[in-house]
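The chain that follows stands alone, in the form predicted alone, written as structure tokens.
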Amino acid sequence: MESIPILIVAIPILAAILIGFKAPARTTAMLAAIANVMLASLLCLKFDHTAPAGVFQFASSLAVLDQPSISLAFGVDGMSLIMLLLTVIVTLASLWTISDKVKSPRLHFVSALLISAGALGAFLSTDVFFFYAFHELALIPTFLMIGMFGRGENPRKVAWTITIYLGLGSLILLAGLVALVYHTPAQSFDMTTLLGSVVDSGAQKWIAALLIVGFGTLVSLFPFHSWAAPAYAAAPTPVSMLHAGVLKKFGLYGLIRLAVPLLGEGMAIWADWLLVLLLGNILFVGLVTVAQRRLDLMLGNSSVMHMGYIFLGIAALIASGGNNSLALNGALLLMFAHGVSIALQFALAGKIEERTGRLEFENLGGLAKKLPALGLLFGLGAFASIGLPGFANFAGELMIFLSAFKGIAVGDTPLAELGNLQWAAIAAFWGVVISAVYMLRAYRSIFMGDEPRGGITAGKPLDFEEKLPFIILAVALVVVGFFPRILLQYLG
């Protein structure tokens, strides 16, 4: 069992190599994705729920350096297991959406597999060096695919923009991670050793600042967010699904995994600033999303907006000194839910563009008559994004909002005694209204009403094979929405 995490990371890399040596691209990629879904399911079945929180199971390690101590080490705990499930589900769906009609389909499969491998390596790594390195591996095919096969007027400019933004963010993050390791007694990159250490209190403030900016840039935290929406709109559909749905969660995972438990004092110093920034994501970017007139740009900005809710959960976790289980569970559940729902929406947007050749709201309309299954599936994705009860997003958002008021007696606490966290949560709640405005408007513009002048050519209704990746994602949202304990049981 200890070799399964290594195998999960290795399978997509080996599949990409085989495709590079002319193995059948679609068959090889899909077999790799299905194998990883099965292996992830096996880890879920064998996971020991009685193990203490933070203990890595199925651990294995190969020493790389003695001083500093760096190892190619993998393991699984509740947090990483949820991220693993998100990654394998979205990977399977994203590979399924790759059409043989695209230019260089073999390169599309290789790139998607390498992005998936990088995300899997980052989430399963128990060594800080490889935690960082695997994420950087995943960024390389993202840049290349946007530059070579991106959509829009100037995809190369978008590729350079994302390269500069994420490159700078990664450098700041690297400085923060090295400083974090250096200012612990053991000076080890091993996460188990690191999490058992105490960081020098005099250095916590500035290390926390580096990690917030570094991880925050990768997550598109306001105001480091402007790269995200254009990049997702320009990227090929599988890349948008994997980056917005999976890879962007790396920064959130890193803050929860390392910054909150190790830098409690430092993170608390910046907590009020973090509240301001996350409200920028929810309210400012939310209003920017309302102003969008293209589906891909609307979805890109929507993804940026919803990061603010997860940061609100992290802020609640910081305020409690890392002891707010409701905030932790809500943040991780919403990370999974958002990853699946935004991947579904980008997949559907890609199918709409493939069938109609357009994504501008003014050039769409009445599509539900021609593609009813697409209309139903898009509606499910829209309702999930809004946070409708019955979907995983609702459960995650509800837990996060409640976590901000944990310990406060509702009805007995004067308004004057509410803290900054509570007022931020009240302001953030208006984001739900904003989400409903732009999502329902998009659904009405695309699927309801009359066709635009000149009509729309959409071809025959979707066959079962075309619908299957959308169904997989939609079912995951509904099942976890009704039974969130399916995931939360791994968090203790």
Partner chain sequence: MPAYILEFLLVGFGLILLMIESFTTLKNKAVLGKLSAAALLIVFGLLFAVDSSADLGDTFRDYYHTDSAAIFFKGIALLTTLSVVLLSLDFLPVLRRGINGPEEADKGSQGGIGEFFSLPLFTCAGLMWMASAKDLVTMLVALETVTISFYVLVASMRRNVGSLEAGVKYLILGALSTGFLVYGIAWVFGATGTLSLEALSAASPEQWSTWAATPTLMFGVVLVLIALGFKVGAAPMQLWIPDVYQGAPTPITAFLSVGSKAAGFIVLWRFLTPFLASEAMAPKIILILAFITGATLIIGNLAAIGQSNFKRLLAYSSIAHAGFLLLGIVSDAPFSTIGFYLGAYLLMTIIAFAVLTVIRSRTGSDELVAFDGLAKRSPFLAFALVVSMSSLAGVPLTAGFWGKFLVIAAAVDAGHYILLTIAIIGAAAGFYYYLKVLKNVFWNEPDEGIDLDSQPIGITTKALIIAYTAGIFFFGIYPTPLFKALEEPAPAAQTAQR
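Note that the coordinates shown come from a computational prediction; the quantities given were computed from them, not determined experimentally. Residue numbers count along the first chain shown, from 1.
From this point on, the text means the form predicted together with the partner chain, which you will not see here.
K.L.:
Within a 4.5 Å heavy atom cut-off, is Arg156 in contact with the partner chain in the predicted complex?
P.N.:
Output for Arg156 is yes: heavy atoms within 4.5 Å of the partner chain.
K.L.:
Would you check, heavy atoms only and a 4.5 Å threshold, whether Ile164 touches the partner chain in the predicted complex?
P.N.:
It does: once the partner chain is placed as it appears in the predicted complex, Ile164 has a heavy atom within 4.5 Å of it.
K.L.:
Is Leu171 part of the interface with the partner chain in the predicted complex - any heavy atom within 4.5 Å?
P.N.:
So Leu171 counts as contacting the partner chain.
K.L.:
In the predicted complex, is there a heavy atom of the partner chain that lies within 4.5 Å of any heavy atom of Ala259, even though the partner is absent here?
P.N.:
Taking the distances in the predicted complex, the answer for Ala259 is no, it never comes within 4.5 Å of the partner chain.
K.L.:
Among 349 to 357, 284 to 292, 184 to 192, 78 to 86, which stretch sits within 4.5 Å of the partner chain in the predicted complex, heavy atoms only?
P.N.:
Comparing against the partner chain in the predicted complex, the contact stretch is 184 to 192.
K.L.:
Which listed residue (Phe130, Phe250, Phe394, Phe109) meets the criterion of a heavy atom within 4.5 Å of the partner chain in the predicted complex?
P.N.:
By the 4.5 Å criterion, the partner-contacting residue is Phe130.
K.L.:
Would you mind picking the one in Leu376, Leu398, Met148, Val102 that has a heavy atom within 4.5 Å of the partner chain in the predicted complex?
P.N.:
The option sitting close enough to the partner is Met148.
K.L.:
Under the 4.5 Å heavy atom criterion, name the residues of 119 to 142 that approach the partner chain in the predicted complex, in sequence order.
P.N.:
Contacts from 119 to 142: Phe129, Phe130, Tyr132, Ala133, Phe134, Glu136, Leu137, Leu139, Ile140.
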